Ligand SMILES: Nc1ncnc2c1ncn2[C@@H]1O[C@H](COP(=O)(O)OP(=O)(O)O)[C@@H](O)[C@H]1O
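Before any questions on how it binds or moves, here is one chain, the form predicted on its own, in structure tokens.
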């Protein structure tokens, strides 16, 4: 589905990603694990078009995404939940959820139907729909950011360090949401970055290690039977 070939990214004169080669297929949940500064966030931002690339190619099937802007990539049904959530404080939770679909000019019926699915996946959001984005705790913000990414992420979902800072109860809620998601959208490709592999439990089908901007193919592990 999505293939990265020889991807190199420099930021502020420093090489962050080095010759990344990776393939992400449908119906996979892939964890990318590495220390802070290893390049996890930059990799996801590069896929989303939020960080420019020095060289390399990002292909979605036969579509070259490499130089296309972020909103075009989201229009190809790629959802992104950043580590810092980025919830708009002056908008309600429901407005935050609907916003990416509105910017893609989806119909009210389409947005309503998608919101209903998201609330099935993350039912904790429903009591917060009318709440201001500014009134959310950090953990609640991460749940809302997951829901917002799901509003458009029907093909691929990118989650940047979603478990960092979550209280145990919210961490369990998040894990259960991902389990429901895999039942409701079995063809979805989910990519999760984390610095602490223990937080991921049995969620991933595959776990990749990224170090100094390179993915170590020898460190790829898979669940038995996958």
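Positions refer to the first chain, counted from 1. All values derive from a computational prediction rather than experimental measurement.
This next part talks about the form predicted in complex with the named molecule, which is not shown.
**Q** Select from the listed residues 186, 37, 52, 165 the one whose heavy atoms reach within 4.5 Å of the named molecule in the model of the complex.
**A** Flagged contact: 37.
**Q** Quick one: 125, 140 and 144 and the named molecule in the model of the complex, is every residue within 4.5 Å by at least one heavy atom?
**A** No, because 125, 140 and 144 lack any heavy atom that approaches the named molecule to within 4.5 Å in the model of the complex.
**Q** Residue 11 versus the named molecule, in the model of the complex: is there a non-hydrogen atom within 4.5 Å?
**A** Within the cut-off, so yes.
**Q** Report yes if any heavy atom of residue 16 sits within 4.5 Å of a heavy atom of the named molecule in the model of the complex; otherwise report no.
**A** Yes, residue 16 sits close enough to the named molecule in the model of the complex that at least one of its heavy atoms falls within 4.5 Å.
**Q** Answer yes if any heavy atom of residue 171 is within 4.5 Å of a heavy atom of the named molecule in the model of the complex; otherwise answer no.
**A** No, no contact at 4.5 Å.
**Q** Using a 4.5 angstroms cut-off on non-hydrogen atoms, would residue 176 count as touching the named molecule in the model of the complex?
**A** Looking in the model of the complex, residue contacts with the named molecule do not include residue 176, since no heavy atom lies within 4.5 Å.
**Q** Partner absent here, but in the model of the complex, which of 28 to 36, 176 to 184, 196 to 204, 53 to 61 has residues with a heavy atom within 4.5 Å of the named molecule?
**A** Checking each option against the 4.5 Å cut-off leaves 28 to 36.
**Q** Using a 4.5 Å cut-off on heavy atoms, what residues in 40 to 71 are near the named molecule in the model of the complex?
**A** Those in contact are 40, 41, 42.
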